[in-house]
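Below, in structure tokens: the form predicted alone, a single chain.
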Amino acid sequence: MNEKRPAIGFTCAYTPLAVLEAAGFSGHRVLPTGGQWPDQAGRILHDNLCPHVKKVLDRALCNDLPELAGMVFMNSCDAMRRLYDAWIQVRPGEPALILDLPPMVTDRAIAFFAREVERMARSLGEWNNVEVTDDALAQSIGKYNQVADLFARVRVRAAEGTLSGGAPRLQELYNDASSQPFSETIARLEKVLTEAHGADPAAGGVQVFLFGNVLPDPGAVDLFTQCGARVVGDDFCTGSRLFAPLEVRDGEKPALALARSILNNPPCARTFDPEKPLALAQDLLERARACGAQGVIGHVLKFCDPYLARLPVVRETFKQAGMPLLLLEGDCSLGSIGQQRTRIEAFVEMLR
């Protein structure tokens, strides 16, 4: 099933994808992988800035993008805000929108973000000459939740070691799903779930849980397999966080349901609860234990201030809990994480 829809680019897992579908678009996540681009972003943005942002901007500067009807950015961190500022300079005249994303989850924050979701719906409707009604948005949320449910079932297969291709294949499915209509993803995942149980190339490996911000290259996931690890769970914005279920309460407006669900989904490091400063570390620890991980590997991007600020607490929390932890830094490239092979192999060997 190939559903022809104009595509809207996005760069963040907090993007309300259901709004894109309700407005007649499909999402296309602009990933920082898949090619070798000259480093041109450095002449526009500071050198010591998130490599994810710089590589996405490099793609735009090299015109290495599919045909897009516009871009939606999330003001999730200062680097993403700078990406939006640069994008409208290097691609003038193309529709672009940025939504403000609250850093905390409170009733006022949810109400504010609901208004941002409504603004996004109005803007996208104008771009496509349609009206995004509550009924259309509710139907789109339903399709999104179908995708989320199917991914949850596929993750169970991957964690059990019965998904042919294992964790690298799961990452391929995430990448494909981030750049096609919901209907195509639903059809593909349903087909995956009808497959006979296959052999996981990492069968017998040490069970590890991965977390971080951006690690979309299936080759990077495969590297952990080559080092003797079996990935049984993840917390990446290019992985499980992209398709988390959306809860709709009876009588609740779809925009408010989207805002509340998105803000309450498993958070990345940019979300902070001053009343629970250890929330991120404790959540990661609980999720790692729940999937039976013997150890945890964190991979974060260089110059990612939100994660770098949280890692000391994560390290201390894991130390007190007796959960082995390996922290890596990279720049989105497969070569960058490949340089960490010796450290990964030593960590896995320690867990045997």
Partner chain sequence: MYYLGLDLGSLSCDAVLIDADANIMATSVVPTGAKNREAIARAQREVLELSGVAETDVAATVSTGYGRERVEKKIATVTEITCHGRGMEAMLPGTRVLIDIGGQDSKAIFLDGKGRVLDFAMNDKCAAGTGRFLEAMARALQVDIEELANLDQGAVSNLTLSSMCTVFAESEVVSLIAEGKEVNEIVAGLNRSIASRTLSMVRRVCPDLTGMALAMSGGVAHNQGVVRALSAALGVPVQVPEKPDTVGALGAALIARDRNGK
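Numbering follows the first chain given and starts at 1. None of these values were measured; they are calculated from a predicted model.
From this point on, the text means the form predicted together with the partner chain, which you will not see here.
- Relative to the partner chain in the predicted complex, residues 329, 342 and 349 are all within 4.5 Å by at least one heavy atom.
- None of the heavy atoms of residue 46 is located within 4.5 Å of the partner chain in the predicted complex.
- Contact annotation for residue 289: none of its heavy atoms lies within 4.5 Å of the partner chain in the predicted complex.
- With the partner omitted here, the stretch from 65-73, 46-54, 319-327, 304-312 that lies within 4.5 Å of the partner chain by heavy atoms in the predicted complex is 319-327.
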